[in-house]
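Okay, here we've got a single chain as structure tokens, the form predicted on its own, with questions on binding and movement later.
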Amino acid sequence: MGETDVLIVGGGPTGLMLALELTSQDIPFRIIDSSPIRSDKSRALVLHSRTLELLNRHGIAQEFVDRGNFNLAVRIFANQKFVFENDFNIIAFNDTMYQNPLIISQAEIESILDEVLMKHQVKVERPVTAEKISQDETGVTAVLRHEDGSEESLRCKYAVGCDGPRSIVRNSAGLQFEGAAYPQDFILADVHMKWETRECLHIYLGASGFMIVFPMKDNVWRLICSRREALGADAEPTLENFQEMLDKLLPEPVQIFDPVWISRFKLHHRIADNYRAGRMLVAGDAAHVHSPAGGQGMNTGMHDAVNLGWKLASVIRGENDDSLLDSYNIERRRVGQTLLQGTDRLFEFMATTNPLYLFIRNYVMPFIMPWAMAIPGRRALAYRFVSELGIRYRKSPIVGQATTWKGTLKGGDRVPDGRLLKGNIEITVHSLLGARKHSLLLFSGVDGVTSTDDLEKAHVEFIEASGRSIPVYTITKSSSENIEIMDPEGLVHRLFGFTASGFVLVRPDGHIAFIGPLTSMDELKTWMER
């Protein structure tokens, strides 16, 4: 019987992201997928700002940027009339290096992650099917079937289901998948278009239905459509179906031709009742499925993997008790529920067949939206939700803050990013943080009270007390003989709320583990001993 530490079932974006996390942690694992080859078709098309940040912990975000295109705006139309344009260039966040969503196909994302993993001699085993999975107190046993029909028994410490809505891991663990299917029927096409317009996301609403239009590469556009009059039960969508909808919804004539892919599908909204059952865990579509509104599904799954990866590694290395894995369900299921509720409301409004809601959507909203979204703060708040930059884990049992801390940021919040100087070279806060270990950031404050000697003393005492190999970085407002990293304008200090000196312990997933003033370092040491 073969052995490994972790079995990842499913080689999509979530499984690949978890493989990357475990690779960076030097944790032995195997990743399998039942499909003989990767599909070149993909429903997911967007990497959001937070996902790019998480990818850049591994220094690979630019590879995705080079093979995608940033979406710079969303244009909304109703009844063949222009309603509103949300220009993302106007919404400038001062705490991230990635202002816009990146349009890139799931197939391209998987290809890049495959290439990155191959550099570490990691490859998805395919076609390999998990036929049976069972667990006991000490581990998981999986029966795997290979392409030639042979069976293999594998023993592992943990199994993670990244194997979609029909997950064998979730079913074997006895977890429920609560929810239902949307009643609407959807059709999808990737087509070439003769269309003179701004290359960005377009949303069209009208009496005949709604359509979302995404720009892809090489003059290919993705059309996702819900028609008021559904196709017959066995009918396949045609190019003419899409042309008919375009003629009814768009204010100008558009010609589509040379379809790359045409499909028909149903959508579901479901969430597992728990993301963990003993030594079996679920992530991505195996844990939650929801509407494509906001492009949240794939991104959320990749975030699941990042959250889980470092925790699995810490438990397997014996640094933490197995109970640490309970925080994965506590933190990520809450996010899944929030997104499910948010995307449900938005999607049901867009795809509604209710006469009253249709009237509001098609005739009232066009008057309200320009007024409601004219305030940049409202647009920024909406986009911050969609970009997933606002995700936080404040109610998690494994985060905290000093009793004397009065700042806006709390334990569990995402660590903001900002520009710093290391000598004469510009760096960012996030470039200091690794994907493998916690990191400690010490801030001098902008009031000039704390000396570099005080910061150095805090540094030394933390290393001695923690007994762990945690990188420590000291950030000051002015240059010093012993301090290399500067925040000359104090902008990063303000992002963190450090007028006086302070510290932030950062988790490997880029969220705050513990934060407080420098005078409360003893509280950090006590908290770490729990």
Ligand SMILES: Cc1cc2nc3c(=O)[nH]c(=O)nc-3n(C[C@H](O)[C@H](O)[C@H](O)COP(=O)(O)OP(=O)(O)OC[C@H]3O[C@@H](n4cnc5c(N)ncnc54)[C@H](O)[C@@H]3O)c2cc1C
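So that there is no doubt, residue numbering starts at 1 and follows the sequence shown. Because the structure is predicted, anything quoted here is derived from the model rather than measured.
Missing here is the form predicted together with the ligand; even so, the following discussion is about that form.
Annotation: in the model of the complex, residues T14, I32 and D163 each come within 4.5 Å of the ligand through at least one heavy atom. Of the listed positions (M486, A44, L505, A61), a single one reaches within 4.5 angstroms of the ligand by any non-hydrogen atom in the model of the complex, namely A44.
For the options M298, A159, V306, V415, the one in contact with the ligand in the model of the complex, meaning a heavy atom within 4.5 Å, is M298. Of the heavy atoms in T343, none are within 4.5 Å of the ligand in the model of the complex. In the model of the complex, at least one heavy atom of A130 sits within 4.5 Å of a heavy atom of the ligand. Taking the partner from the other structure, the ligand in the model of the complex has no heavy atom within 4.5 Å of any heavy atom of F257.
The shortest heavy atom separation between Q106 and the ligand in the model of the complex is within 4.5 Å.
This chain is displayed without the ligand, yet in the model of the complex the stretch 35-43 from 461-469, 61-69, 488-496, 35-43 comes within 4.5 Å of it by heavy atoms.
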